[in-house]
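Form predicted alone, single chain, as structure tokens, below.
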Amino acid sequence: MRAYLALLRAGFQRQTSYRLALAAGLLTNAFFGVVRTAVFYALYRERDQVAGLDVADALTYVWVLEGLFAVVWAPWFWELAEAIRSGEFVAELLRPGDPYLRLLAFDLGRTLSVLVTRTVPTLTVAALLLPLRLPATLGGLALLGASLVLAAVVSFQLRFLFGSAAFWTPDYRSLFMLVFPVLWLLSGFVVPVDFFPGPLRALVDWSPLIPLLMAPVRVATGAAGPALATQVAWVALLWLGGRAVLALASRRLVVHGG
């Protein structure tokens, strides 16, 4: 356990060392957040609600999205795949302990750094300037914090599965780019999934994309129970899927003499 905590701390320290990238990321979040805020204010100028969301819900969605952007679409997205293709990943299989847990601990340390240095400041400043619908109690804030961490875990698990494609094909980026537009839309990064037609929304609500963004938004706006349950369920399912893929890939490496 001590080794995994050390990896968590190392990941946190590594990510916080990129101070220029932090400043650039905050400015980028602010710019796109302001643009999206203007768009939603224009949408709500002549109406009180759209698809059951009022302007406070929509603005909360915008700024949670900006806060989580670098957690979900992490700048180190392809590091695992590149390590697999270069052969560096073999070292992970030789180290003591569980390779999946080591990768998770280090990645979670990096994403916790992003949550502390980008997500929290972004949401705090936005909440001071705009009518966001964020929890007003310590308990509610704790649930929102837990939801953000679960989103980070699901993000790692999905990135691990995409990166693992490099075990079987050198063209792993093309595979991802084929499905990226669909992921971008259905995860709620274009518009809230509440705006989708009924059948499509019902389908998307059962997908592993909901825990990435829409679940934290729903926790923030008051639907904490179902949203957290969805995140926990997908963490468990993706955990099993990731472990199965890693076990299969490890056997393949052994067969090929790696």
Partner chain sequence: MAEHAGVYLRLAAASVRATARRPAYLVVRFLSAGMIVGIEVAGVVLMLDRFGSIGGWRPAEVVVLFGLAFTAQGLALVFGDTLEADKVSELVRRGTFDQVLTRPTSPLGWVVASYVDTRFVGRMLAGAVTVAWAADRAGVAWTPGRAGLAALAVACAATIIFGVLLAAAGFTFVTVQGSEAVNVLIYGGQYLASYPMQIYGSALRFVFVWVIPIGLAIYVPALGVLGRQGPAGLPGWLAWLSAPVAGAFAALGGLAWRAGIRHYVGTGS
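Positions refer to the first chain, counted from 1. Fair warning: this is a prediction, and the values are worked out from it, not measured in the lab.
Missing here is the form predicted together with the partner chain; even so, the following discussion is about that form.
Contact with the partner chain in the predicted complex, defined as any heavy atom within 4.5 Å, is confined among 128-136, 151-159, 115-123, 179-187 to 179-187. Contact check for residue 28: a heavy atom falls within 4.5 Å of the partner chain in the predicted complex.
Contact check for residue 205: every heavy atom lies farther than 4.5 Å from the partner chain in the predicted complex.
Shown alone here, residue 69 lies farther than 4.5 Å from the partner chain in the predicted complex, counting heavy atoms only.
In the predicted complex, residue 197 approaches the partner chain with a heavy atom inside 4.5 Å. Judged against the partner chain in the predicted complex with a 4.5 angstroms heavy atom cut-off, the residues 35, 50 and 191 are in contact without exception.
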